[in-house]
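For reference, the chain that follows is the form predicted on its own, supplied as structure tokens.
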């Protein structure tokens, strides 16, 4: 039987221990709030997951790189654990993979078309414009189709045609005390783990339901009911929609309509001398059955190389994927020293979701409720952390006199 654990043991409960949830929880805890983080998985990180097949050799299965423009993330990491665990990533390029060879992206660029289109395209506002519409005008149709469309799809692990242009490649100030591009000694998941320092985080504890009370919310888990004055939901969009269905149906309905896509990921480790590919950051698939192949080369190891393939959904079965990996790397499958597979779930973001995010902000402006995650500000780690910081500050500024449960 579920039992309520005291009337208000926490000022804030955060559901979800990805970058969004941990950034918000850290910021709120620093302000003096008593905070509890609930995570359904048995690990923290959310869309960040670092596979650790060998000692000192983490391989990313989700997000791969962080940047020193992720100021909200770095501020909380520095406060929790310091920045000493950051590992600079060496420079390496991305290439197209064509007929078994790596090809520079510049080979696909028509400079004449760029010169014709760029001066006029720069005048166009990105607001409420899709990536396809914006970058066709900026670079020309041919350049977009040959170069940018597959490159953006590789970055997002989904077709970028209808993605909001305003949510792609935002310019942000850089934190000069951090490397320009970096990972962490424990992989990017190690960064998320470091952010839990001095936070109360319960993994393996999914939230089953939430309900409103006169003074806040009750969160139901398999272990019991938890009460809080303020609540943050930092889960995938479909999970957020389900949790909100009873407490806030007007919010739940539009969020539940956000389509989720599955990205089928396969990562392999091989001997360093087994692969002839040059040092690279990754490969862009274009017509291949994968969006991208991301290499661990920017974090070089004396003995191993690792490659993470992000396949298009429902294109190949497991055996066919292994065959493709072997062909791209030009190795036999028995040369795979380690292999793992997982499915990454991402929201399929479209221009209309910019308006949806604004509507959510309007709806929640006086609520002791924050919605954060990669469906509200863009898919990148930095975008998630940026929104989480803003929402943490909004929640902290709410006082009982200006809170509303309507």
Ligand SMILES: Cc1cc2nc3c(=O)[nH]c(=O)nc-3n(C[C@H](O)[C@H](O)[C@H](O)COP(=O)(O)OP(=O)(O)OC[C@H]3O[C@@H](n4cnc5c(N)ncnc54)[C@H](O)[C@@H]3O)c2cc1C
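Numbering follows the first chain given and starts at 1. Remember, it's a predicted structure, so these values are computed and weren't measured experimentally.
Just so you know, the form predicted in complex with the named molecule exists too; it's not on screen, but the next bit is about it.
I'd like to know if residue 50 sits close to the named molecule in the predicted complex, meaning any non-hydrogen atom pair within 4.5 angstroms.
Flag for residue 50 set to no.
Does any heavy atom of residue 58 come within 4.5 Å of a heavy atom of the named molecule in the predicted complex?
Contact check for residue 58: no, nothing within 4.5 Å of the named molecule in the predicted complex.
Give a yes or no for residue 353: in the predicted complex, does one of its heavy atoms lie within 4.5 Å of a heavy atom belonging to the named molecule?
Taking the distances in the predicted complex, the answer for residue 353 is no, it never comes within 4.5 Å of the named molecule.
Looking in the predicted complex, any heavy atom of residue 341 within 4.5 Å of the named molecule?
It does not: once the named molecule is placed as it appears in the predicted complex, residue 341 has no heavy atom within 4.5 Å of it.
Let me test this: is every residue among 45, 64 and 235 within 4.5 Å of the named molecule in the predicted complex, going by heavy atom positions?
Checked in the predicted complex: all three residues contact the named molecule.
Looking at 131, 207, 77, 231 here, can you tell me which has any non-hydrogen atom within 4.5 angstroms of the named molecule in the predicted complex?
Residue within 4.5 Å of the partner: 207.
Check each of 157, 189, 183, 295 and return the one that places a heavy atom within 4.5 angstroms of the named molecule in the predicted complex.
Contact check passes for 157.
Please identify, from 27 to 35, 370 to 378, 354 to 362, 50 to 58, the stretch that has a heavy atom within 4.5 Å of the named molecule in the predicted complex.
That would be 370 to 378.
Quick one: name the residues from 13 to 37 with any non-hydrogen atom within 4.5 angstroms of the named molecule in the predicted complex.
Heavy-atom contacts within 4.5 Å come from 15, 16, 17, 18, 19, 20, 21.
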